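The data below hold one chain only, encoded as structure tokens and taken in the form predicted on its own.
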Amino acid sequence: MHIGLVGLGKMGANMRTRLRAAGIEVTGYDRDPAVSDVASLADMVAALPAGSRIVWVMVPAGAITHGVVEELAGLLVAGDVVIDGGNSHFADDAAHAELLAGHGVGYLDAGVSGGVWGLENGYGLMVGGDAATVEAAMPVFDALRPPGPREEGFVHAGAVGAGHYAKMVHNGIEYGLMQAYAEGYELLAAKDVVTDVTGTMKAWTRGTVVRSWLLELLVRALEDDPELAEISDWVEDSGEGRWTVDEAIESAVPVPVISAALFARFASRQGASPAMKAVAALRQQFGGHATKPADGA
């Protein structure tokens, strides 16, 4: 199989490497010529087998993704497929699918989780679209997902839009989990009763009911910087937490934990908070997200 990959940033470049390691030929395009395999999007499309091309789009959500899809609509032909693996809003998927369908081009939306660790561990995949198109792209999904049973790292979540909707909810849950670990860290550190905060949290990583990969990543961050002195407590939000809360309001579904975690990130931009230092450290650990250095660091 030979596919195209648009966007070779932190995740896109790692995905190209993982796909190639699985025996899938990849022609990647990025606006940065230092990492791109070809000089233009048109050159990338020309390198693929017409009528059965698969082009994976891995660029920032919103206007940039829409611009790439529009350009691909003018370059691809009937039988080709576009997969949007970025963090697009699920409502954008229907418009992209309709635009491409006018050219006979298929469309899938793929929620992707794994961050900068996906190259080594594989990516959790949530996909929306019709079954036949999903099946045609399954070798790509199998190469990217974690080893083990397919159903533990991949789901065909539903029709177009379902993949990005599932990823949106996934990220909302992630907000709540990170906030709970961060608040626990702050409480442990608030008194001198527990003299080994990092060790205590590390002891939770096996056997306890709160063990998880996120907890392991927080321990890793604390081992590197026990006081989190090198990192600011200012925490960005990617937008998916906001979308999750918006959808909860639309559907009258109570999401108090996710809402509180989102608002805590807003509060992080107003004053010092050890808990928000922990959230910032977690985002850096799992996703390579930028952090702000602490004052004087």
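Residue indices: 1-based, along the sequence shown. Computed from a predicted model, the values in this text were never measured in an experiment. For the two forms, the rigid core is made up of the largest set of C-alpha atoms that agree within 1.5 Å on superposition.
What comes next is about the form predicted in complex with a further copy of the same chain, which does not appear here.
Should G106 be classed as touching a further copy of the same chain in the predicted bound form when contacts are defined as heavy atoms within 4.5 Å?
Answer no; every heavy atom of G106 is more than 4.5 Å from a further copy of the same chain in the predicted bound form.
Distance check, S268 to a further copy of the same chain in the predicted bound form, heavy atom within 4.5 Å:
Contact check for S268: yes, within 4.5 Å of a further copy of the same chain in the predicted bound form.
Just checking whether E120 would be counted as a contact of a further copy of the same chain in the predicted bound form - the rule being heavy atoms within 4.5 angstroms.
No.
Given that the partner is absent here, does T133 sit within 4.5 Å of a further copy of the same chain in the predicted bound form, heavy atoms only?
So T133 does not count as contacting a further copy of the same chain.
Which residue, E230, D43, E70, D37, is the contact with a further copy of the same chain in the predicted bound form, using a 4.5 Å heavy atom cutoff?
Comparing distances to a further copy of the same chain in the predicted bound form, the residue within 4.5 Å is E230.
Thinking of F90, V245 and V257 as one candidate spot, does a further copy of the same chain come within 4.5 Å of a heavy atom in every one of them in the predicted bound form?
So, yes: the whole triplet contacts a further copy of the same chain.
Could you tell me which stretch in 48-56, 237-245, 61-69, 23-31 has residues with non-hydrogen atoms within 4.5 Å of a further copy of the same chain in the predicted bound form?
Looking at the partner contacts, the answer comes out as 237-245.
For 82-116: residues with a non-hydrogen atom within 4.5 angstroms of a further copy of the same chain in the predicted bound form?
Stretch hits, in order: F90, S113, G114, G115, V116.
Is M15 one of the residues whose C-alpha moves 2 Å or more between this form and the one not shown after the core fit?
Comparing the forms between this form and the one not shown, which are aligned on their rigid core, M15 does not shift its C-alpha by 2 Å or more.
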